[in-house]
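First, one chain by itself: the form predicted on its own, in structure tokens.
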Amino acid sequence: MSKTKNIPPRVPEGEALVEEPDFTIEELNQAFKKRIKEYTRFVDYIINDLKIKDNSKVLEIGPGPAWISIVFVKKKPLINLIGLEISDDMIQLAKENIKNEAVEKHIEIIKGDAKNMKKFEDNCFDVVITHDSLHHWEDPIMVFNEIERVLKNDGIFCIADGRRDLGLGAKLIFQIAKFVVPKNIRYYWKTSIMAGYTHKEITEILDQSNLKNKYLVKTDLFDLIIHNK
């Protein structure tokens, strides 16, 4: 993989989110919940710009505490959503949030690894989504191949994740955040950025996968957004 000038090297973060001594699961849950507006924009983009159908069968990879899943089914109550999560701590938290939000009938959370989604048949999902999980994947090519396999031929995929090649504006926001964001959350945010990919890096990876020639990569201030052409 080629290096990008003036961009620090990528530092992998590991696959599963778990409780830490200085960052409890509930603190992590509340940190995610505060991002509901961001998650709503992501869901609105999928619904309005990518135009999913009402009765779609949706897979979310790495739902974490399931706030995106919850937003999604509240906006599209006719969809059937499955969340595939590798972390036992996140599965427990997701199930609690889903119950508290009274959407148990619409979301199923199951344990699994996106590198090998053998529990799902070929061409079985209308939509595959994930937000902030890409930088956790140990082998993104394997995951991209699995997404291509389980997705229907006319299916929709949308992958959003933080980018490491932040511009000056994003770096300035991050510096300001030091004064208002708790230290433990700031640390998690920084490690996530350092584990993220640049536009060039992720394009090179995608071109080695079965999603080659099937994707677009867009960038905004903080994120990479990958979806169908």
Ligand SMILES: C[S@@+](CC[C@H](N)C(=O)[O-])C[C@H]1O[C@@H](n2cnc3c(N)ncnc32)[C@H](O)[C@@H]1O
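Please read all numbers here as calculations on a predicted model, not as lab measurements. One rule holds for the numbers: they count along the sequence shown, beginning at 1.
Form predicted in complex with the ligand: not shown, discussed below.
Comment: the ligand is not present in this chain, but in the predicted bound form one of 58, 46, 202, 61 has a heavy atom within 4.5 Å of it, namely 61. Stretch-level contact analysis of 70-78, 119-127, 148-156, 85-93 against the ligand in the predicted bound form, using heavy atoms and a 4.5 Å limit, identifies 85-93.
The ligand in the predicted bound form comes within 4.5 Å of no heavy atom belonging to residue 101.
When the ligand is considered in the predicted bound form, residue 97 lies well away from it, no heavy atom lying within 4.5 Å.
Although the partner is absent here, residue 189 lies well away from the ligand in the predicted bound form, with no heavy atom inside 4.5 Å.
Of the heavy atoms in residue 140, none are within 4.5 Å of the ligand in the predicted bound form. No residues of 212-229 lie near the ligand in the predicted bound form, the criterion being any heavy atom within 4.5 Å.
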